[in-house]
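What follows is one chain in structure tokens, specifically the form predicted alone.
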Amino acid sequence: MFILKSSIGNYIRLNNKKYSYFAGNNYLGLANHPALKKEAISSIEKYGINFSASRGTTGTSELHLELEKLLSEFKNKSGSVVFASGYMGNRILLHTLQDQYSAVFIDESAHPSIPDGIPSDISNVYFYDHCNTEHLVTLLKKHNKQRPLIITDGVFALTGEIAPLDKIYTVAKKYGAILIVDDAHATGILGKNGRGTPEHFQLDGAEYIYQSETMSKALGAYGGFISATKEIIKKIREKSSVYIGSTSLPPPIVSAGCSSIKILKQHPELRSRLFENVSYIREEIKKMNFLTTTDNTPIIPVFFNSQENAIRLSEYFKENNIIVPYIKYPVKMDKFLVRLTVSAIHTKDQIENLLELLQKWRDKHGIS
């Protein structure tokens, strides 16, 4: 565990020492952006720390309505709803849509919030091989008397792989399935406008695709959200026990979210800069023959067959003032990995230093 003693950016402080930071999920560098901090501070001065009530009672403020309007415009949807954490989003959608399906088909490497979110009375749950649409079809054929719902991460949190959503959607249409995409690591990143994995595959606005999303990754703020039709949003507000029973998002968090959406729309160069960094680092790592993934996302894993080697590489980076963590996470994996994440605010010098150290490690220890 790392105990932070500073804000996060391209550098952090641990135990009064400065480290180059290639970790976390602050892909666009917005988590410490001056505009977000300014809006959060102003919000505290006007509204205080907490509205201390649920949205359905006295916890809805003008700030919440502004954020939901901005999210709807950003996502090109007729409505949006915000709630306490992105982790809740899959549960909210799975419960809200429960009358429309009787079986759930999940990518075996899905985020823990997905199986955690399945209603207790849904017993027909099937896991298909990671990103394998052929196996998904096999399972759908085998259980063809069920009403199917397919759910997958858009970008997988550990590996940075992009789910083959174009193929999955074709399968979903053929078998009459609802499709949910956990787009926590794609929102603000993928697609022409940063709307996520469906937009990346030219499926933005396609029928029966739902996204659960968060403001805590690329958007640099906090809180989960769902953007959808007015009918779905109304149903969430009226029926979701998670939404109804939760205290509303605090004023500074909501204000920061508003600011981040505005910045994302006004500064597309942030995403361009991010992908320049991502492409360069990924290509250099591949040249070193390390085992990694190929999709052009900010998450770049370095895989090892042994846990010991993965831990050693992470510790080696730390000894040289760079944070690239070894990750042990409750997701099905057959290898051990060091998870390197790239940000739009990483400098050329930081990147070159990272790659030089990785090359030295490779020369000494190999890549196994």
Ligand SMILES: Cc1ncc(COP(=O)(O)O)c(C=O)c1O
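Heads up: residue numbers just count along the shown sequence, starting at 1. Small disclaimer: the values here were computed from a predicted structure and weren't measured.
Heads up, the form predicted together with this ligand isn't pictured, but that's what we're talking about next.
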(request) Please run the contact check for residue 157 against this ligand in the predicted bound form: heavy atoms, 4.5 angstroms, yes or no? (result) yes
(message) Whether residue 259 contacts this ligand in the predicted bound form should be assessed with a 4.5 Å heavy atom distance threshold; does it?
(response) no
(message) Whether residue 127 contacts this ligand in the predicted bound form should be assessed with a 4.5 Å heavy atom distance threshold; does it?
(response) no
(message) So, residue 240 and this ligand: in the predicted bound form, are they within 4.5 Å at any heavy atom pair?
(response) no
(request) With this ligand left out of view, choose which of 264, 165, 184, 274 has a non-hydrogen atom within 4.5 angstroms of it in the predicted bound form. (result) 184
(request) Have a look at 146, 193, 293, 113 for me and say which one sits with a heavy atom within 4.5 Å of this ligand in the predicted bound form. (result) 113
(request) Determine which one of 264-272, 208-216, 137-145, 167-175 lies within 4.5 Å of this ligand in the predicted bound form, judging by heavy atom distances; exactly one does. (result) 208-216
(request) Would you mind checking 130-145 for residues with a heavy atom within 4.5 Å of this ligand in the predicted bound form? (result) none
